[in-house]
Every structure is written in structure tokens, then in C-alpha cells.
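Shown below, as C-alpha cells, is a lone chain in the form predicted alone; questions about how it binds or moves come after it.
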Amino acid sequence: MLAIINARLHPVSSSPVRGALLLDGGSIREIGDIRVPGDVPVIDARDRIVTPGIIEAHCHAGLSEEGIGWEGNDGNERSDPMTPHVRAIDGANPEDKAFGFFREAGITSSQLTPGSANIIGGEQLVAKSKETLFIDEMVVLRPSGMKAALGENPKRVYGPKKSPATRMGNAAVMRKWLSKALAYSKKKESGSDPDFDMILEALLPVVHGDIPLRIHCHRADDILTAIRLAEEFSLDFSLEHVTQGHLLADTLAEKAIPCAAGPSMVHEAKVEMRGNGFEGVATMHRAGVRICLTNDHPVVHGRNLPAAAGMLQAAGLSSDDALGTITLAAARHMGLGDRLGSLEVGKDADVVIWSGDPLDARSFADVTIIDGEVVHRRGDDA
């Protein structure tokens, strides 16, 4: 067990309170005005802000490693535009320096995803930022989704000599393989024995609605294509990046589509990111879109995610709402809102003690706790 006392607790799911937090067996046991047993180790927060762990809901940590180059570039299997059978767990290196930086920044969980070179790029997972040699020990949820992509990336990687070379080709390739997966499923359900196909087997959880298809799309027309395809095949899905989502905010809100917005703390790296910024994300939030914030690490380093949320606050969100986009909203986006993202009894004991306002770029994560264990402590007085 472990207790945090004299804390300014920001649960995210409810109003801030002053009090203590009791952690037991990797989960939160009590919160608020509580009596801490005398034999429990204590961390005195000294009136500092305490929040749930920060969550990076869409990133490539472990797959696109820091400071290595080609040897650590395992985020895209560029041999074919259709690779749903590859799995992030087989490429993610737990020794990537990014996870250490995450711990130092208060990021306790992240969704590790293949890149966006392919129309369907592979299976995702959610991992804790634990220090270990074994990726399996970091896994919270696998699979957490299937990565897909529309827009410039697939057509740039494979065109002009191979499909897809156009946005029409992007949609056609996705439609072709989803249709093939449905036909394959029907054969299996009818009792016939189709030849085993690893690609189609990997797509079965997608077409059955067991896992979401998480579709990379920036431009408004690509967002609409993603929605059109997902609805055509009755898929569970989310939209990733949604740079021009503010132009479709009412539609996204009405359809209650989960969206991970960003990276917004970056220049317009390609044409489809024109108009990139935090104002569009704020517009979507005000319209009621189910939105969380991502830095798309390493496009923008994940450790800057709290500062990005601070920029979102500057764009008009309240501090509580901005914090929510990188905690509870991010957890819900990944399908883990019942375990992560807020300080509530029964949830995972992923907690951060901050030196100041967590959304202020001058603040530090003084103490980071994952599953009830201290994984980072800044300075001797933390």
C-alpha cells in the first residue's frame, strides 16, 4: 500500500478536493478526506496538485525509436498497402528511450500503433510506461484497435506505379479488403473451410465489430470518406488526427464519433495539415465532439503532451476540460475509461504529483506512479 497525503486532488471525473489518496494492490482504494493507516508508507504532496496519469492515445513509441535511425524504424511494414496481420507487440521495443521520457513527464499509458503508410497497417496495443525488458509486461489491452489510413500517406508511399495512387484508390483498396473479409467470414460461418488467409483472419475482428478501426485522416474530405466506409461496413471506428474536423464538428458530434486530435503543436508538414492548430480542436470540443488530444509521438514528443493541453486551454477550454483531453477522454478513446484516466476508487493506481499547474510548461512531474509503484521521482525532496 501507499498513501499520498496533503494533496490538491484533481480527479478529472469530479471537482478538485483536498485530501489523501490511498493506493492498494495497483488500484485506488480511497480518495479524499480519509484516515491513512499508520503502517502505510506515505508521500507528502505538500499541497501540490495530484492528477491521474497522462495518456498519449495515439503514438508510435517503441516502434519509431529515439536516436537510432533505420535500426529502430519499425513502425511501417511498407512491403504492401494491406498489412492488418502485423502486430505492434512484435515490433515495440520497451527499451526505447521514449518510455523513460514518458515516465519523467507523467505519461503513464499510451496506445502504440503502426504508422500510416498503409491503408490498413496493423494491430495496436495500449501499454503502461513501465521500465522492463519485456513488452508483454507493459500491455494493458491488446488488441486495442486496428490502424488504418487515408489521405496523402498511402498514395505517396505506393503511387504512382502501384495502387493506391489516388484518394479514390485509397478507398477502393480498403473497400476491397473489407468486402473480402466479410465473404471469408460468411464461408467460415456456413461450415465451409476456406483456405487460411492471415490477412483476412486479422480483419475478422474489425468486420465483426470486436475492435475499432482507427482511421488516420486529416482533410475534411478524407474524414467524410472514413465515415462513409465505416458506416458502409457497420464498423466500430475512431478518427485519428482530424486536422479539419472543425469544419465537420456538428457531424462528428451528432454521430458521436471518437476523435483523437493532433498533433497540433507542429508546423503544416504536408498539404492536408493546412490550418493545423489548437483553435480547431477547441471548436470541436465546444461542439460536443468526443475529442482527446494526441502529440502523435514522435511527430511531436509525447513528453510535451501536458504543454499541448495547456495550449488548448489558451485556445478557450477550461483547465479541467483541457486536462481531461489527455486523461479521461484519452482513456475512453482507447476503450479503457473504466480503468484509466481519472482518480476514482477501483481504477488503476496511475498517479502524478506535479510541481505546479500540470498544464503550465514550467511545471514538472515530481512523482510518477504506475500501478501503485513509484517509477519516477524528481529530486531528493520530491
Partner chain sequence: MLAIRNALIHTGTGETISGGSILMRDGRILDVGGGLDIPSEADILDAAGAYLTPGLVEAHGHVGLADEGVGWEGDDVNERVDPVTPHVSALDGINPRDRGFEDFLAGGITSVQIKPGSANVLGGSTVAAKTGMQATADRMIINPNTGMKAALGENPKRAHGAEHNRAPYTRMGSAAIMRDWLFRAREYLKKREQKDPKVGYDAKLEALLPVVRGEVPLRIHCHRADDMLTAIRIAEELDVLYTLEHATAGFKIAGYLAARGVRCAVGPSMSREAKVELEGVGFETAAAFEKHGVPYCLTTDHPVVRAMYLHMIAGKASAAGVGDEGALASVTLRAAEHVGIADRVGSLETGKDADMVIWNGDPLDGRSTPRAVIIDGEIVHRGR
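Residue numbers count along the first chain shown, from 1. Bear in mind that the values here come from a model prediction, so they are computed numbers and not experimental data.
The protein also exists as the form predicted together with the partner chain; that form is not presented, and the subsequent description refers to it.
Within 4.5 Å of any heavy atom of the partner chain in the predicted complex lies no heavy atom of P94.
In the predicted complex, no heavy atom of N76 sits within 4.5 Å of the partner chain. The shortest heavy atom separation between E268 and the partner chain in the predicted complex is within 4.5 Å. The partner chain is not drawn, but in the predicted complex it has a heavy atom within 4.5 Å of P298. With the partner omitted from this view, the residue of S144, N118, T113, S264 that lies near the partner chain in the predicted complex is S264 [heavy atom within 4.5 Å]. Among D338, D357, D44, D320, the residue placing a heavy atom within 4.5 Å of the partner chain in the predicted complex is D357. With the partner chain omitted here, the record of contacts in the predicted complex names 310 to 318 of 310 to 318, 342 to 350, 27 to 35, 44 to 52, defined by a heavy atom within 4.5 Å. Shown without its partner, the chain has E66, G67, I68, G69 in segment 48 to 76 as residues with a non-hydrogen atom within 4.5 angstroms of the partner chain in the predicted complex.
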